[in-house]
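Heads up, the chain below is alone and in the form predicted alone; it's given as structure tokens.
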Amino acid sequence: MTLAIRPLSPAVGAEISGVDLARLSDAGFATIEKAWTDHSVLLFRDQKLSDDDLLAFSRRLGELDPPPNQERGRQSPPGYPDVYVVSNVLDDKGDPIGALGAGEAVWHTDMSYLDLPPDASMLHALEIPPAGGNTWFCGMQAAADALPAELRAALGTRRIKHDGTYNSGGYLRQGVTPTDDPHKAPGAWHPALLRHPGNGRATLYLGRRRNSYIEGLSAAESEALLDRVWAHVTEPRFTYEHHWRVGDLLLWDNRSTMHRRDPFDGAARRVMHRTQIKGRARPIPYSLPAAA
């Protein structure tokens, strides 16, 4: 088959067909890398990948990042510390084999609470529940392009505090003291509007809503502005809902998307293996070119 690219939505995402990621040529990878820059989220169906295959493809995008420290630490398959297990399944001792359970995972950008967040993440579906557990993506470049002028002016070159107290499932991260004060919470400051290093486009960079704070504003002003920006970016016109099938692999650009997960029946099994690519550079602010 010939590699083909089909957009998944007007704002974000494309499906790549005609490719086996375990046997990918250099030319095929170059096409995929460009499509990833152009569409932010890529879907590959029917991928029969071992963890070694998953790691080999991941490393073609860059150096791997360690898995995040979640509510039960770093959950990885035996012998594969760079693979992170996302699952609600319990082992024979009754302990979770992975993280994030079966509940809703709120909108977020992976590990943006670090000064150097990962550039990319990918998720390979090994087992899926019969219903629920869909993953949603938000195209933050399309949302930035359509940002009303007054909101863009209000954000300007301000930075946002990205909180690292809780993960996307609402669980307290291991070793972190809980707080709802954004000034005391662990995390990093990043520009609200960043310039994507791959295509130069403006992209909104919000992280997650809980404990978020916009510098230079009062708490009430920050909350009001964040509410308006979040209402804008999560409009349906900027989102794509993914219905999983076994063998799906999703690759997303962590700098130009947010994602979330629908809840599902905790008695059903869901097992995903995930990798992430280390960031090459800290997010830089986007500024419009000076007028001629």
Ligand code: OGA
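Counting begins at 1, following the sequence as shown. From a predicted model like this one, the values you see are computed outputs, not experimental measurements.
Beyond what is shown, the protein has a form predicted together with the named molecule; the following relates to that form.
J.: How about His108 - does it come within 4.5 Å of the named molecule in the predicted complex, if we only consider non-hydrogen atoms?
T.: Contact check for His108: yes, within 4.5 Å of the named molecule in the predicted complex.
J.: Test of understanding: in the predicted complex, would Thr203 fall inside 4.5 Å of the named molecule by heavy atoms?
T.: The answer is no: Thr203 has no heavy atom within 4.5 Å of the named molecule.
J.: Using 4.5 Å between non-hydrogen atoms, is Thr135 touching the named molecule in the predicted complex?
T.: Contact check for Thr135: yes, within 4.5 Å of the named molecule in the predicted complex.
J.: Does the named molecule come within 4.5 Å of any heavy atom of Ala120 in the predicted complex?
T.: Residue-level check for Ala120: no, no contact with the named molecule.
J.: Among 25-33, 231-239, 253-261, 52-60, which stretch has residues with heavy atoms no more than 4.5 Å from the named molecule in the predicted complex?
T.: Looking at the other structure, the answer is 253-261.
J.: Ok, Tyr166, Tyr213, Tyr84, Tyr113: which has a heavy atom sitting within 4.5 Å of the named molecule in the predicted complex?
T.: Contact check passes for Tyr84.
J.: Under a 4.5 angstroms heavy atom criterion, identify the one residue in Ala125, Ala144, Leu100, Leu155 near the named molecule in the predicted complex.
T.: The residue from Ala125, Ala144, Leu100, Leu155 that makes the contact is Leu100.
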